[in-house]
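Single chain ahead, written as C-alpha cells, the form predicted on its own.
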C-alpha cells in the first residue's frame, strides 16, 4: 500500500471521508497474483480459443452456472473470474447466452475478480458487426456495475490468432497486474507466436530505456521492469540527477542525465547503450510536462514547450533509434511505448496543449505500428487517468476525492498500475498487440 493510499485508510482519512459521505474504496489485488476463487470458462457458439489459452497458462477451469429462469441460480461460493469465448458469436440471439452466463457470475464474483470476454473484430454481415459493437456495450456497462474492485475486459482477437498470441494478454488481464484497467477493449493480432507459457521474468537480459525515470510513475516503471528482468537505462534531466542515480542504483541499471529535447538526444541514448555492447529492446517515453492554462490564456511559449517535450522530442528520438544503422538502437522485435492520457482521449478543461500532445501520442502509435510491422517492432501507448503521486497529493482534498471517485473503481491508481501495463506491452509474447492505446484509469467516467 502506497503512502497516499495509507493516508486514506488512516483513522484521520477515514474520519474525513466518512464526514463527506464517501465509502471506503475497495482494496485491489495487484502484482503477478491470480484470482483466489476458481476461473469459470464458457463458450458461445463453440469457440475453443479461450480453453486452449487457459491450458497454455496452466490454469484449471470450471464449468459455468447458466441462468435459465426468472431466479438467477448461484454458484454457492465466490468465483475468481469468468472467461467467455464469444469468438463465434455473430447473431443477436447469442447475446442472450452471454446474459445468462453473466448474471450468475456477476452475483458471485470475488473482490478484484475478473470478467473477460473474447470476441472477433467487427466484420461480416450487418448482424455480425452489430453484435461486435453490442459486446463492447455490454463490457463497458458490466465494468461499471461490478463491485469490490472487480473488472471487465473485452479482447478482440484476430481470426487467425492462436493461444500463443493471446497468452500474455489473457494472463495480464486475469492477474493483479491489470488492477486499474477496467471496462476496456483492445485488439490482439496474429503474430505466429510460439506457444510458450506466461513467463515470470519475460524481460530477462533485455535493455529497456525509461525517460523521466527519477521519480513518480517513471521510477515505478523502472522498478517493475527490473523485477521482470530488464536492464534499465534510466533517463532524466540533470537537475534530477541525484534522484535519478538513486533509482538506477536501486534497480541495478545505469543513469543518463539528458534533456530529451536536445537535438542529439537520440544519438546520446544510442551511444550510452552501444558502449555496453547492447541494443535496445524497448523504450518507454515517460518524460512529460504540463503547463496548464485556459486556452484564452495560453501563449505560444506555454503551448510549444508542452508539445516539444511530450510529442516532438520522442518523435526525433524514435527516428534515430529506429534506424537499423544506429549502433545501440532498437532491435528488430523491439518495443516502443508512449504515454498518452485520458485528457488526450476525452479532452480536459485548461489542458488544451497537454491534450493535444497526448492525443498526438495516440495518433503516433497508430501511424507507426504498420510501418514497423515488417521488423516485428510493436508500438503502443498507455493512457493513465488519475494516478496517486506526490504531485496529485498536493491537490486540495475535495478536488482530489472528485478525481479519485470519477471511475468505476472509486479510487486513484498507483504508479505501478501504469508500470504493469507497460511491462505487459514490452513482453516478447505480446507481439500481437500493436497500434493500441490501453487506458489505465479504472474506467474513468470521462471519455470511458
Partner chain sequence: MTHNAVVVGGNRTPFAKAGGPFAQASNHDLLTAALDGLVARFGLAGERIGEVAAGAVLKHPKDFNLTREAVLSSALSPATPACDLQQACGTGLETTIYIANKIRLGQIESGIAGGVDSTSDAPITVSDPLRRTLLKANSARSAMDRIKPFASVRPSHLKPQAPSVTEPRTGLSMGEHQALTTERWGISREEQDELAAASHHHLAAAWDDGFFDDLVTPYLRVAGDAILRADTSVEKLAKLRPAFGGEHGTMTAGNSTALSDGAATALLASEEWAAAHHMPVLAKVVDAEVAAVDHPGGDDLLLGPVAAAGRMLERQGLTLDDFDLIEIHEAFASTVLTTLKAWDDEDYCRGLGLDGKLGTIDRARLNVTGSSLAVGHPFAATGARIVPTLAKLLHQRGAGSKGLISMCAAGGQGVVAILEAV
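Numbering follows the first chain given and starts at 1. For clarity, every value in this text was computed on a predicted model and none was experimentally measured.
Although not depicted, the form predicted in complex with the partner chain is the subject of the following passage.
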- In contact with the partner chain in the model of the complex (heavy atoms, 4.5 Å), from 148-156, 265-273, 222-230, 79-87, is stretch 265-273
- Would you kindly say which of 344, 143, 253, 328 lies with a heavy atom within 4.5 Å of the partner chain in the model of the complex? 253
- Task: Name the single residue among 249, 297, 129, 192 that comes within 4.5 Å of the partner chain in the model of the complex, judging by heavy atoms.
- Result: 249
- Message: Can you tell me whether residue 245 touches the partner chain? I mean in the model of the complex, with a 4.5 angstroms heavy atom cut-off.
- Response: yes
- Task: May I ask you to state whether residue 257 is within 4.5 Å of the partner chain in the model of the complex, using heavy atom distances?
- Result: yes
- Query: Is the gap between residue 333 and the partner chain in the model of the complex 4.5 Å or less for some heavy atom pair?
  - Reply: no
- residue 137, heavy atom within 4.5 angstroms of the partner chain in the model of the complex: no
